[in-house]
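One chain is shown next in structure tokens, namely the form predicted alone.
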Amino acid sequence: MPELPEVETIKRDLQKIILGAKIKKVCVYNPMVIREPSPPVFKKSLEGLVIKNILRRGKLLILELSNGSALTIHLKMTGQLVLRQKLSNSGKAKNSRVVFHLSGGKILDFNDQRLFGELRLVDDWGKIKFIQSLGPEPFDLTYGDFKDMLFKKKTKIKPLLMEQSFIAGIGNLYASEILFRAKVDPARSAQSLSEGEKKAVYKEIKKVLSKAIKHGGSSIDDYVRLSGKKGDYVKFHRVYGRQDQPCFVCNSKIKKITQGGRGTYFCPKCQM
């Protein structure tokens, strides 16, 4: 699933290319991805509106529109937003579920192979239950905030970083990379971290996410940028997806364990 760096990358790409564009036509090829309102109302209500602002909250994209409503897009596992300059012969790309025809001849495809993505047209995006459950944005946190949030938390630090009600936007990939760089065992309870370890995790959250955004995110599964190109942060991964390969620091074999049903990659020596 695309995490904060990938969604932030798409947001910035959209801001450069479609901000101020008018939605001239909406083609719905698979209504399953439209969660509200009904697909016919979704289509009719969007046509003719102008995209006034583009935001991100956690892993959710928010397109604020000229009538005060908002189009929210959650990519989930296999969702993609890809800009095309012209239609294929069939009028749609292979996995297009919804196609937005914009002013200036731009065509924005919402692709989703597995149909887990979610599109919503809402009057007030702040009232979406998912939004209301989110924790703070990583870049908004002070160290004092982060330290207070960890106080008396018995949860293991890796699953805690992935908990969206704790911090918004961090998923499995970046939690693993953050903890490796902070030299913290992912199986440690949050409350057991020393002052130095807490500071290291806080510092690496911001460093890792910032660098991943700079490199357009990580294309490990279906994620691509608006242009269709892959993000190239994968070359900076130190543990994620590297089970049994040598650690870049100490040459020990990278290990993989399961936490909360998700694979956790770590170095058993560097993160002792």
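Throughout, we count residues from 1 along the sequence that is shown. On a predicted model such as this, the values are computed, not experimentally measured, just so you know.
Absent from the display: the form predicted together with the DNA. The rest refers to it.
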Triplet Gln113, Lys156 and Met162 all within 4.5 Å of the DNA in the predicted complex via a heavy atom: yes
How about Val122: is it within 4.5 Å of the DNA in the predicted complex, going by heavy atoms? no
Contact flag, Arg181 vs the DNA in the predicted complex, heavy atom cut 4.5 Å: no
Is it the case that Phe146, even though its partner is missing from this view, gets within 4.5 Å of the DNA in the predicted complex, heavy atoms only? no
According to a 4.5 angstroms non-hydrogen atom cut-off, is Lys255 in contact with the DNA in the predicted complex? no
Choose from 70 to 78, 198 to 206, 135 to 143, 102 to 110 the stretch whose residues reach within 4.5 Å of the DNA in the predicted complex, heavy atoms counted. 70 to 78
Scan 19 to 45 and write down, in order along the chain, each residue with a heavy atom lying within 4.5 Å of the DNA in the predicted complex. Met32
